[in-house]
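So this first bit is one chain, no partners, the form predicted alone, shown in structure tokens.
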């Protein structure tokens, strides 16, 4: 089992239509604070990003935001974070978050969340890192995506071992244990 000192959380800048999304995001932040695991996030005070950060901060956790300069405005940046790192671009934000984190969790979100998720799991597939990547499948949000990933595998575009790199649970403590117990796929198997 790996000790997880920091986890990057990718999630929506909106809260979604169901209260369960915000509730579980807050619970994730609270749980990680209780484990002594720091959170690396996008630095916003909006949507699920705000819920995760507040869940951790309200319970003594540490949260580091990584925000591009053009988003670092009063109405968007969370002013109560433990640390805020301002970077030049979205690309630098993702890269910096990847370096600072020992694992990654994606919550429900839109294009930006999916971009972050697929980039980081692709980097794992290519052997650029050996860190676990998980989905918190709140309210079955990721079920259609998981079906699509199964289709990619069935149709020969994704190997089973690469499909299985993505750890999935709708339960925060269970997902945390999956991340801790992750055994990386051998690197160098690009296709």
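Model, not experiment: these values are computed from the prediction. Positions refer to the first chain, counted from 1.
One more form of this protein, predicted in complex with adenosine monophosphate (AMP), exists but is not displayed; see below.
Novice: Within 4.5 Å, heavy atoms only: does residue 133 come near adenosine monophosphate (AMP) in the predicted bound form?
Specialist: No, residue 133 sits far enough from adenosine monophosphate (AMP) in the predicted bound form that none of its heavy atoms falls within 4.5 Å.
Novice: Any of the heavy atoms of residue 53 lying within 4.5 Å of adenosine monophosphate (AMP) in the predicted bound form?
Specialist: No, no contact at 4.5 Å.
Novice: So in the predicted bound form, does any heavy atom of residue 93 sit within 4.5 Å of adenosine monophosphate (AMP)?
Specialist: Looking in the predicted bound form, residue contacts with adenosine monophosphate (AMP) include residue 93, since a heavy atom lies within 4.5 Å.
Novice: Contact between residue 80 and adenosine monophosphate (AMP) in the predicted bound form at 4.5 Å, heavy atoms?
Specialist: Flag for residue 80 set to no.
Novice: 23-31, 143-151, 44-52, 156-164: which one contacts adenosine monophosphate (AMP) in the predicted bound form at 4.5 Å, heavy atom to heavy atom?
Specialist: Going through the listed ranges, the match is 44-52.
Novice: Is it the case in the predicted bound form that 11, 67 and 71 each bring at least one heavy atom within 4.5 Å of adenosine monophosphate (AMP)?
Specialist: So, yes: the whole triplet contacts adenosine monophosphate (AMP).
Novice: For the heavy atom contacts within 4.5 Å of adenosine monophosphate (AMP) in the predicted bound form, list the residues of 102-140 involved, in sequence order.
Specialist: Residues within 4.5 Å: 109, 110, 111, 112, 113, 116.
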